[in-house]
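This document contains two forms of one protein chain, each encoded as structure tokens and listed individually as structure 1 and structure 2.
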Structure 1
Amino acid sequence: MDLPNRPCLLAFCRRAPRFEEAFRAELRALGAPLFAFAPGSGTVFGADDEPRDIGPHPELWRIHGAGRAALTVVLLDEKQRVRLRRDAPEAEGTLLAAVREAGRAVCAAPRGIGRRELLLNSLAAALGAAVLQACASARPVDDRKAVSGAPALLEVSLVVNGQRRRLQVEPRLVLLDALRENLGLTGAKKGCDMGQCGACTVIVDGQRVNSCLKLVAQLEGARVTTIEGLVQGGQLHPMQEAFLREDAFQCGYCTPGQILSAIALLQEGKPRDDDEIREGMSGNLCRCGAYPNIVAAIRGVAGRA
């Protein structure tokens, strides 16, 4: 079989993993094809094409075969030279995690680095990390802790929506993940994970913050307000009522962050006009384009304040 003259991935699986739509989306963002082989079958996943059956190709198994591992991943450069080879004891999730990390690295590329060079470097790093993590997950719990050097958990106390909550967290855990995963408060949305879209906005000690950037370890004793904490006695907050009245949302994904940011904006000082409202809300993006209605809702609450 003739492989393309560009970077590509070869995956040799003893048992074919499930390739869902999320996997194809990551490959599309990465711009590199994946050739996945299982005993008796082979499939190529392109950046923009539907999966295509290419047969088992035993010669590739003979050159790069999986050996005893459940999954072997090989990264080839444009001259079909092996740049990386990793084995893992389990196939499910490992390949998707690796490609997803590589895609993030490509999307966050600093200017001045060629896409080909970055693609190879980021794929190598992502595949290595993901497969090593899979190897660690197959170890007994105590042994895995010793190998991974996992940091000790920290005990952090927060006041969330008026209730004292105690958490056992890793030092790297951000507030957004603690709210969603540890406390089940899913109103704050995970958008860009880089503090640029504002979907994760919450109020901490009276100030609006991007919770995806705030470490929980920095917030001992802090008072956190999320969208779930605005309703009092079954009564909506005036800003929530204004958003409903002005139809200031469409899909609603960014709405919790918009509302909390708007409340904090009025606490910071009453805006004098619509331009000041737009400036004060510039850190919250609405991909549906409901900005005129959002401004009208905030203007209405500000006028009654």
Structure 2
Amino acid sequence: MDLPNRPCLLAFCRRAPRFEEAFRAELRALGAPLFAFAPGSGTVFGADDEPRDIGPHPELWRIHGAGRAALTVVLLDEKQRVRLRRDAPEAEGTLLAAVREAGRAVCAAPRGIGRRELLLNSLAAALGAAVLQACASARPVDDRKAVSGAPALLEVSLVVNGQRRRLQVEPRLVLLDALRENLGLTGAKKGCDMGQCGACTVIVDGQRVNSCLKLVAQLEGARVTTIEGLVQGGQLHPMQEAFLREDAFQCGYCTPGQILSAIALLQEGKPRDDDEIREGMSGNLCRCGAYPNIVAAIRGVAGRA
């Protein structure tokens, strides 16, 4: 099936949803079409026309690994890249809430921001929130049973900050997105998304790596430490305290990556001087230029260790 060259929403529902006029009004305000599928049927809700029948399209269910949850929503951008994919235990209310919230955000946004990105971001945020809410109020299900025979998706189990987490992922999911989108651990930051800035640095099996370039599919059984995992018994990690003490950040965006990288640096061996600290931290860029204080923080911890 040809999807449009602009942002759109796909919804795969276990039972065909009945979209009332109120819902269609919300969709009109949003300006992105919704392709809703149920077993054996498919309907597109455009911004301006009446719902149109488009047939069931089983290939889309396969591609997006839909069918296990009551609702799978997928947000595609203008190049039909998946920007967000979420499973929810309940269909109609969740979709309605998400579309309403996104519509509000789009209307309320200041002028001048690229409308397409804005729409995508608003939709993603609203969908995420609506799905989370729906999940919180739903009965827990045994998803292991539901997953058997799942097409396309891989099952990967990781130990994240000491907790075993089981994920069903597309092969192309990178660790950074899995942490942020699937596990809700937004401490690891997406700066460049191409290995150049270090904002996404986490520790995998004892070694610091750029999580934006690591496919989750490769990581079965891996132990991952993120910034969220550093607090022990309510106590900040000494490196976190040193960053606070030395004022080693301004906006803070690079900071989680800096801290994990710094901890790994000291585990790799003690830097002998500031030059070795700088070289050892070269993979972590700081747009605010907090470098002198970052070096001071690390020097402080290294000196005490």
Partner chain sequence: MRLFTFQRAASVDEAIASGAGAAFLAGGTNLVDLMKIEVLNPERVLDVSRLDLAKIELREGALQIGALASNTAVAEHGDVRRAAPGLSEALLSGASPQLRNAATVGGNLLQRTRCAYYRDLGTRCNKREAGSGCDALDGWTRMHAILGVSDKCIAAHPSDMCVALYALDATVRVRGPAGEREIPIGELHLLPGDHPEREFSLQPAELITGVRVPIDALAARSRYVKVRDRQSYAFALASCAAAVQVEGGAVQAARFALGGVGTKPWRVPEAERSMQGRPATRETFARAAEIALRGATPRRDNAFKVELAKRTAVRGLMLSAGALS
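Everything numeric here is computed off the predicted structure, so don't read it as measured data. Residue positions are counted from 1 along structure 1's sequence. Between two forms, the rigid core is the largest collection of C-alphas that superpose within 1.5 Å.
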| query | finding |
| --- | --- |
| Which of the two shown structures is the form predicted alone | 1 |
| Displaced residue check between structures 1 and 2: residue 40, CA, 2 Å or over, core reference | yes |
| Residue shift check between structures 1 and 2, rigid core fit, residue 295 Cα at least 2 Å | no |
| Threshold 2 Å Cα movement between structures 1 and 2 at residue 58, rigid core reference | yes |
| Rigid-core-fitted C-alpha displacement of residue 8 between structures 1 and 2 (angstrom) | 22.9 |
